[in-house]
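Encoded as structure tokens, the following chain is the form predicted on its own, with no partner shown.
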Amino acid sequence: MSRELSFNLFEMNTVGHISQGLWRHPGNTRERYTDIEFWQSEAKLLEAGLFDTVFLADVLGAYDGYRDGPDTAIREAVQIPNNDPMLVIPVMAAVTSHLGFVATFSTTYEPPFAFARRASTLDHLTKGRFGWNIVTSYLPNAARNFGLEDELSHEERYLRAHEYLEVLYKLWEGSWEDGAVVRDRSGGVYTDPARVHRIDHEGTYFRVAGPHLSEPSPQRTPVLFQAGSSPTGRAFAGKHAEVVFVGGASLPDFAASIEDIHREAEGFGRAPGSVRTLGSAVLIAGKTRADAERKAEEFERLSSAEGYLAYAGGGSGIDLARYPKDALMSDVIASVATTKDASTMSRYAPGATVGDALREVTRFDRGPFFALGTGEQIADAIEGWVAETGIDGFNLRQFVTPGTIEDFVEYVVPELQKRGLYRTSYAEGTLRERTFDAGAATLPGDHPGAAYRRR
């Protein structure tokens, strides 16, 4: 096996993304997330390390399911405060030439016309290095922030998302023909109006006249990323996504999910290999295994159980942090005595204490894509994961910034390069061309979005 993998930094414009409590680590600089210099320094480090992209997550509400309110999330910096992921992209693009940028944006709350222009603008400013992570949003607080009583049903969110994409394809692919921009100085014509078209979309959720306000960007449609594990989500990915963020509890789970995604895509008439897959990787690297273990112990010591409970929305519904750590979980669950909570007892071993349960909440070594040790040991693990699942790459979870990136680049990248699993230089071209090995900059002809093109 010798094929280059995709490696992306899993990031968010916030203090605490998914490593709860580690903003307190003395080597962490996350409190500088509001500074331009923070993002520029990170971008230069990622490009020097030959990363594919910085993958920016986002949420539109506070985590308020734990203890019936957002106080814990606010106190623990659980993705709050957080800022707009898109606004740091031009800042990072200005100091890089090849690094890609993937921003998360929801199809549920904001209209497609405004987002279409924003995405085209970013694709222009980055010279074709922009990707969009399509989400439908899931936090009830997000729905209330946009004037709804509660979040839309899962099925309705995806129906809305399908139409959202249809509107965007009409704007990005069909509104402006190739060659519409002529820039004729002598004739005084910048754009040929005969080659710019209204879209006149009238659907269930949206009415959009058009035309698109932006001239075609290098990729027209940004590279489309998506994460969806439900049957509805996988079908959506099979139709629209070019890169899918997959999940699973074991390597066979991942292999099955990847096969299913490819099957879904081919069911929509898309070519084999038209969808790439990513998983979330937890990699703790050191000069020696003991060095890596020392780092992991620090991360474990500073991890916040309450932060993770807030992030999970309360988990089992039992407020574990209110009980003494030496209390038996069997006694705690018996005292709550509800059907829902009693059913959770099966996850705990006999004699398990509240302290054991809290440690379980903060564990970061769950899931098959966890590796700790030297660069060689981690590269061995990655090679095995890829061989068993066929996955195309990974989003690297951060514990500290910039330490996680620095360790990966120093210890792991050289080992992966020796095995032909990591690039030694960037290929030229747009993010889509690099993602699909010098394919076209725009959507391939068998993608549903290509059907909206005018020629």
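As the structure is a prediction and not an experimental result, all values here were calculated from the model. The first residue of the sequence shown is number 1, and the count goes up from there.
Keep in mind that the form predicted in complex with a further copy of the same chain is not shown, yet the notes after this line are about it.
J.: Kindly confirm or deny that 224, 246 and 254 each have some heavy atom within 4.5 angstroms of a further copy of the same chain in the model of the complex.
T.: Answer is no for this spot.
J.: Considering a further copy of the same chain in the model of the complex, which of 118, 359, 98, 276 comes within 4.5 Å of it through any heavy atom?
T.: So the residue touching a further copy of the same chain in the model of the complex, by this definition, is 118.
J.: So which of 382, 265, 103, 77 reaches within 4.5 angstroms of a further copy of the same chain in the model of the complex, heavy atom to heavy atom?
T.: Of the listed residues, the single hit is 77.
J.: Can any non-hydrogen atom of residue 147 be found within 4.5 angstroms of a further copy of the same chain in the model of the complex?
T.: Yes, residue 147 sits close enough to a further copy of the same chain in the model of the complex that at least one of its heavy atoms falls within 4.5 Å.
J.: I'd like to check something about residue 170: if you look in the model of the complex, is any of its heavy atoms closer than or equal to 4.5 Å to a heavy atom of a further copy of the same chain?
T.: Residue 170: no, not in contact with a further copy of the same chain in the model of the complex.
J.: Check residue 203 for me: does it contact a further copy of the same chain in the model of the complex (non-hydrogen atoms, 4.5 angstroms)?
T.: No.
J.: Since only the chain is shown here, I'm wondering whether residue 60 would be in contact with a further copy of the same chain in the model of the complex (any heavy atom pair within 4.5 Å).
T.: Within the cut-off, so yes.
J.: Which one, 282-290, 230-238, 370-378, 213-221, holds residues whose non-hydrogen atoms are within 4.5 Å of a further copy of the same chain in the model of the complex?
T.: Going through the listed ranges, the match is 213-221.
J.: Using a 4.5 Å heavy atom cutoff, which residues in 82-115 contact a further copy of the same chain in the model of the complex? It's fine if the answer is none.
T.: Stretch hits, in order: 82, 83, 84, 85, 86, 87, 88, 90, 91, 93, 94, 105, 109, 110, 111, 113, 114.
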